[in-house]
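A lone chain, given as structure tokens: the form predicted alone.
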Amino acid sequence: MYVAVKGGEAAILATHDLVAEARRGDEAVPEISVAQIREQQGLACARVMNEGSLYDADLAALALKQSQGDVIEAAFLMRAYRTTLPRFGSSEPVDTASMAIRRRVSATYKDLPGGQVLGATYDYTHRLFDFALMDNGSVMVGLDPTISGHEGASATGDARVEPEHDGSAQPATCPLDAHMPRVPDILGAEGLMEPEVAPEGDPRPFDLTREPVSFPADRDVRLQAMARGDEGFLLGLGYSVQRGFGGNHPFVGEIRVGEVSVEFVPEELGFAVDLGEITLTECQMVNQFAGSKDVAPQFTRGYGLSFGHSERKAMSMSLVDRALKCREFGEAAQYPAQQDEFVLYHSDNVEAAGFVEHLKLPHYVDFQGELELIRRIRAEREQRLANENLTLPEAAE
């Protein structure tokens, strides 16, 4: 229960001015623009789009600027805006197999059909400060081509690796293959990967923003909740299943980052219309399954799909997705990452932040009630102890 606080309106309005002042910072320093955030803080924008459940890099950059870089507050802004948008329906399923690849790596096949495409990644960088980034120059700061040995790699971002006969890896600038099959599809062709079949009738996926979630939740609900869930929470859960709270140590079958087309079928037309392209990150984990009485030994998959370039999110999501499939394979659900109710109820950082941060708001009546309760209990305790002290000497006599 909340009560009105007299005289607080002026103070609240004053905080708006203080927030604007804090957001701007030192006026001697040039103000950062939304375009700069969008172009130079792309990974942060991707996280805001995922957790805000809305694909719009410009709005994500604006939300980050308005929230002073607070990702959860920025996601909250995105979700609030999302509720004002008209809804026309659901798009057709995107085809990640025909993705225009920017980056594509696999930990399962060295000679992956189509090749490994390293792209832009921090995987091979040293965690050392690059103080050149503090300069105010207009040139792009990156690897010295004389060090990398490949001038085209830093210029184009196409750092493709092709194994040589001696086992070493050499960068190449040849065009990417038109056909890059997904690793689970390769295993599936041999019958070694669990098949994934659409439900009968291929119904539209559940929309947790419009319908209440019930448990046990179907996989489309779980994936939707994790796609907009907090990256750090999912990362912790994914880490937990690798450390023994779930018994799962998979292989990265494939991570691919790139652009895919989004199509929509208007009712009045009856055929698909291309709405444009979006950048997605897809991760498919490969997990061993010893089999059961009815199912032969095979590999199972964990799946993660996220907006923008967000590999950590997609990987965490795929780890937890496989953990949540435990009942489908007759495995006991013993750990947090295997409990769909625990995962879905606690992965939403906007809800979690609201519930935690509401503790800052006035709770005067509640606290006064508890304060009086504690005072009464203490008074009763002291009276009881006093009575016991009075009766002890009489008992001794």
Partner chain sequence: MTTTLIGAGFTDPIFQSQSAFRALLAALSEPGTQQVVTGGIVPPEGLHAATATALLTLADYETPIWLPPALRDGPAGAWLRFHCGAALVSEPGQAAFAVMDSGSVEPALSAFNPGTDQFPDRSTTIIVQCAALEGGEAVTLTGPGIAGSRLVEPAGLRPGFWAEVAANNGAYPLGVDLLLSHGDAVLGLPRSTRIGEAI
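Because the structure is predicted, anything quoted here is derived from the model rather than measured. Positions refer to the first chain, counted from 1.
The next section is about a form of this same protein that is not shown, the form predicted together with its partner chain.
211 is the sole member of 130, 190, 211, 123 with a non-hydrogen atom within 4.5 Å of its partner chain in the predicted complex. Picking from 246 to 254, 233 to 241, 88 to 96, 69 to 77 the stretch near its partner chain in the predicted complex, with a 4.5 Å limit on heavy atoms, gives 88 to 96. Looking at residue 294, you'd find every heavy atom of it more than 4.5 angstroms from its partner chain in the predicted complex. Taking non-hydrogen atoms only, residue 135 never approaches its partner chain to within 4.5 angstroms in the predicted complex.
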